[in-house]
Structure formats: structure tokens, C-alpha cells
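As C-alpha cells, one chain now follows by itself in the form predicted alone.
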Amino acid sequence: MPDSAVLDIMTPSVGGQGAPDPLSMRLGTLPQGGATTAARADALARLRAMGLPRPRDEYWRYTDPAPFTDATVAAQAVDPAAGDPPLFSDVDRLRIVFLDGRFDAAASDDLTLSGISILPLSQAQAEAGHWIAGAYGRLEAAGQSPVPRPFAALNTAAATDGVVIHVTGRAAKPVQILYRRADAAADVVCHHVLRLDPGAELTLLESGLVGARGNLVIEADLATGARLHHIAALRAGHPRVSLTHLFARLGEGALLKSFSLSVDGAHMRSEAVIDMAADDAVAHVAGAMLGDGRQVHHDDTVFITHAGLRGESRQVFKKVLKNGATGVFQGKILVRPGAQKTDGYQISQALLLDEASQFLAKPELEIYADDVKCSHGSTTGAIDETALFYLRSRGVPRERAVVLLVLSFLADALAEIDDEGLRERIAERLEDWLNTRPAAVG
């Protein structure tokens, strides 16, 4: 399929002449993708039917969709001295590098790894008979009900690249998707597809600075007994607009653990749509977020569906907010008829370090089975003055005491990372960041 081929995104006018509508302006020119062309066309049709979200839409009441719908993105200075984030630099892993949303072969490691096969999306979709033809966009399309997710459909239609990973056994080491940026106005749309065979296991790391604006989708299909550990620490120290989506389907006895770390960032929204389709599946979704400044807005939206017996799900989100930062959590547990013995737990908590910041929460349970254990909770509060006094009375300076209390507050979310080494590394990086920016927590 030639690169110059495009999908038809024009809306006929009354006079019969093609005229771009606002959605077409947002999409621009969409390249066809060989094996993914049909899925892209289907996503575009679905997107046209649902339209882009508006502030009055139920799941966009707390987050203004305008920065994501604008036809262009404001240029932001690129700091060439910033380099790659050091979070996973000393981890033995395989790196897959994307520069401004396109696979960078020269900067990436050799993609050969025991127990796994890896191809860039741009290459996989060009191969005749590749399994991506039946997988690309499938979980995203299924995840559009009962809540529409227009920006995920936009991603499926418009993605310029991504990575396709097939895990056949236990991956010999973690795989890291590393995002780099060179274009000051990079508007990145990447789509990653993961297939884990029965009993397969993978640790997937994401880090880096995606772009001035980013729209990322991961589709993860876990077969019987498969295990996926996902840790995303997308660099957000500079003002940035970002949307991330995780669509996952869990087979019998499969396990998914996904953890996200966010520091600042101008306008960020992370969505997770998990379908626990079979018996004895386990899904844990967690996040830790620190925000300083009125420009910071971070939204975690999670929808977990229990359809099998004895499913276990956890949603654990902690946000630390200061100087007018805003945190949002929208979480739902849906238990379908027959999904007996479901164990679903949801907690969202915010630590407000001043009176100017705010936390908006919308926890939901929708249960159609009678033998279940489901609960949710949400709290918002300030630093525990008794604990602060206790630490200071023992000679701990105030700034250090606050750092220790913030780390203690975030501990439950970090505990959702199974790998002890990675968990300790992230905790150390968080502590380093807090110690170098005492004004952010003091």
C-alpha cells in the first residue's frame, strides 16, 4: 500500500463538494496502513458517529477536552540537554525508541529477544498475512461500550506508528518503550498492540517525553494464565498535553498489573478499560501523581468489567497537589450477571498541600450478581499535623518531614508494583525529585 494513499475524511457539503468539518481538521490526512486499513476505516466511521467529546459529556465534566480537540498544538521548546529520563537507565531491558511518534531503528536495541517477537507497527502492517490485521483496533472497538471513548477511536484511525509485540513464553528481560522528542510542535499518535499466549509473561516499561501533545493507545490481549506487568512513567516535567489509553482483555487466570507515575504536566488524562472476560482473572490498576501549579490537571479514568467467576480487581490512585493543581479520578467497577465471587476494590485519595488545589472524584459500582465483595472509597485531606509534629519534635526539619509523609501517602500505590527492584527504584526517584524541589511539597 503506497504511503501517499489516504482515507477519505471529507464530509460532503450540501452542494456536493467536499468541505472539511472540524473533525476532519483535527484528523488531517490519514495514511492507510496495509493490513490495518480496514480497522482504521472502521475507527474513523465510529468516530464520526460519536463525534468528539464536549465539556457537558458525562465523562468529560471534570476535564476540558478542548486541548485534545484543537486542530493544532502549541509549540513548546525542546531542551536538548534534558536527555532521557534516568528512571530505568540501569535496568537490563530491551529499548524500543520512538522519535516524535515514529520508530527510530538507529536508536533502538536489537529487537530479537527470547520468548517474544517485536515489530514496529509500520512494518507489521505491511506484511501480508500478519496477525495484526485481526488484532489492530479490536479491543479499542470493544471498549467503546458502554462509554464512548472518541480519542481512542481517533488514535486507531490516525496512528502513525507503534510497536507490535507477540509474547510466546516468558520474555527474557523487560521491554521499554522510550519516547523522545525533537519537534517543538510534535503531535504524536502511537498505537501499540500486545498479544500474550497462554502462560506467557512480559514486563513492559514506558518512559520519556512523548511530544508537545500525545495520544497513546495500548491494546493488550492476555490468554489463559498470561501475566503482564506494565509501568508507565511518561515524563511530564515540561508543560504537555497527553492522553493515554490501556485496553486489556484477560483470559482465564490471567494477571494484569498496570502502574502509572506522573509529575506535573499541563493537561493529562489516562484511561484504562479492562475486560475480565474469563474466570479467575486478576487486574490491578494503580497510579501515583504529583502536581504543582495551576497549569497542572491530571485525570485518571478507569472502567473494569467483571464477566467471569472469582475475578479480582484493584484500583489504587494517590495524588499529591499544590499551588492550584487539579486531580481527577473517575473509576467504575461493573459486575455482569453471573460473575459470582467477584472481589472488586477501589480507592482514590488526594493529599492537598494548600487550599488552592482541588481533587474531583467519581467512584462507581454497578453490580448485577449477588455473591460479590465490592467496595470503593475516596478521601481528600491535608498533611497530618500530628505526624508532622511528631517528626519535627525528633529533630526532622519541616521540609524533610513533609517529604517523608508524602512518600508514606504514596506507598499504597507503589506497593502495586510486583518487582521489588523497580518499586524501590521508582520510590528513590520520587524521593530525589521531592528533595530537589522542596517548594513543591513544603
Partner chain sequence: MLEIHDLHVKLEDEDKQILKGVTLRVPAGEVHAIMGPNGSGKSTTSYVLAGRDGYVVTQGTATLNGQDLLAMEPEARAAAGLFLAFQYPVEIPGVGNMTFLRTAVNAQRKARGEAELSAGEFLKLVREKAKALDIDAEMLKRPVNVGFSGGEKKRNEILQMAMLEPTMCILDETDSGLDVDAMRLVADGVNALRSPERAFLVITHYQRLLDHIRPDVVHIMAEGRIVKSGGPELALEVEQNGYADILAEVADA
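No experiment lies behind these values; they were computed from the predicted model shown. Numbering follows the first chain given and starts at 1.
One more form of this protein should be noted, the form predicted together with its partner chain, which is absent from this view; the next part is about it.
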query	finding
Selected contact from 51, 397, 55, 377, since only one has a non-hydrogen atom within 4.5 angstroms of its partner chain in the predicted bound form	397
4.5 Å heavy atom contact, residue 405 to its partner chain in the predicted bound form	yes
Contact of residue 41 with its partner chain in the predicted bound form (heavy atom, 4.5 Å)	no
4.5 angstroms heavy atom contact with its partner chain in the predicted bound form for residue 391	yes
Its partner chain contact at residue 411 in the predicted bound form, heavy atom, 4.5 Å	yes
Among 62-70, 413-421, 41-49, 378-386, the region lying within 4.5 Å of its partner chain in the predicted bound form by heavy atom distance	378-386
